[in-house]
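Take a look at this single chain in C-alpha cells; it is the form predicted on its own.
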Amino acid sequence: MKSSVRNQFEGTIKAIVRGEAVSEIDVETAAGIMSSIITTRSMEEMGLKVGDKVTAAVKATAVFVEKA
C-alpha cells in the first residue's frame, strides 16, 4: 500500500490495552516503543494481536518540546 506518510517504523506489537471504545497498541521498533491509540473496532477488524509484525506510521502536524 502506498502512503504519503514519510515517518514509518517496522516493528512488533508488544502489548495491547483493550478498551471499550479505544485501545492502546504498543509497537517495539528500532527507534524504541511507539504507542498508538486506535478504535477497538479497527483493532478487531485488523485482527491485531501481540507478536504481529506491523508498520507504525507517524504523521504529526506539530511537535512540541518542553524543557525539563
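Please read all numbers here as calculations on a predicted model, not as lab measurements. Residue numbers here begin at 1 and follow the sequence given.
Not pictured, yet referred to below: the form predicted together with another copy of the chain.
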property: Partner contact for Thr12 in the model of the complex: another copy of the chain, 4.5 angstroms, heavy atom; result: no
property: Partner contact for Val17 in the model of the complex: another copy of the chain, 4.5 angstroms, heavy atom; result: yes
property: Contact test in the model of the complex: Val50 vs another copy of the chain, heavy atoms, 4.5 Å; result: no
property: Residues of 38-59 having any heavy atom within 4.5 Å of another copy of the chain in the model of the complex, listed in sequence order; result: Ile38, Thr39, Arg41, Ser42, Glu45, Met46, Gly47, Leu48, Asp52, Lys53, Val54, Thr55, Ala56, Ala57, Val58, Lys59
